[in-house]
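One chain is shown next in structure tokens, namely the form predicted alone.
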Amino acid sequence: MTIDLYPSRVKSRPEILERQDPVVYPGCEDKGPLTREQLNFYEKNGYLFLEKFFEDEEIRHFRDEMKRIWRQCRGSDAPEVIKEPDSDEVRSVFAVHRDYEAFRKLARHDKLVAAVRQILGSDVYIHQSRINFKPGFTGKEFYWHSDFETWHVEDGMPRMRALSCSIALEPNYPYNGPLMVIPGSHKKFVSCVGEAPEDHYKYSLRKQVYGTPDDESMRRLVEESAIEMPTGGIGSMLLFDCNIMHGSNSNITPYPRSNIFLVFNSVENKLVEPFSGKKPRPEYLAHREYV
């Protein structure tokens, strides 16, 4: 039986627990494109922003595919297609590395995978992939959360040995709903309150309620640090730790903001039974087999 080092949604009051896992794992630090300075920044802050990580031709291909997927999914009722909470506009499309060749290749991009392995210290696989769309005027917010809290409770990810890559397919400006992060918050785990119902994902992907931090915990995290918005042009990439507290505002500007997210998990951190005691989420949200 796997010990639950990060219990959440089990107590009547929220708690802030200390992280019990490394941030940068030993073993591969010198075997990739990231410098020692960049790894130190990631360890301290929980994220690393890399401008123009991809070649222009690569990004043009990814953008064309993103626009095709958007058109294809607008009228789709497939479970992988998530709509906005108050409309039928597409909010997210999941499992894009499984279903679309361009993003299958992206998930195996040599330079990208090498950078991820430097941080996680092992071979890796895709835990989850998705495109988040934020069209101008209508793109809605994503409330503050730690991805690991959900992946731990609802998917059975045992330890904090995963990270996300957010790749800008359109410019991310400070004013069109970019990702906001709280540097250093990855070293604290906010244990949330409220037991989520069965099949919680059917609602939480449109608007999350369970697994979100309470106001006082958020206030404490921000007062101990800050809120930062790592923004940049098309082809830039943000690497961020699975446990960093992050969120984004709605987009009321005319400028769309669409990013592809690839979540890499260590092969030494395979999923177990969800710590909630409920059945696992579907494969398109949490891959239990390598794809």
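When you see a residue number, it is the position in the sequence shown, counting from 1. For clarity, every value in this text was computed on a predicted model and none was experimentally measured.
Quick note: we don't show the form predicted in complex with a further copy of the same chain, though the next part is all about it.
Exactly one of the stretches 185 to 193, 136 to 144, 105 to 113, 77 to 85 approaches a further copy of the same chain in the predicted bound form with heavy atoms within 4.5 Å, and it is 136 to 144. The closest non-hydrogen atom of G27 lies beyond 4.5 Å of a further copy of the same chain in the predicted bound form. At the 4.5 Å threshold, heavy atoms of R71 stay clear of a further copy of the same chain in the predicted bound form, well away from it. Taking the partner from the other structure, a further copy of the same chain in the predicted bound form has no heavy atom within 4.5 Å of any heavy atom of G32. When a further copy of the same chain is considered in the predicted bound form, G233 lies well away from it, no heavy atom lying within 4.5 Å. Every residue of the trio M229, G247 and Y255 has some heavy atom no more than 4.5 Å from a further copy of the same chain in the predicted bound form.
Checking S266, N251, N259, N45 for any heavy atom within 4.5 Å of a further copy of the same chain in the predicted bound form turns up a single hit: N251.
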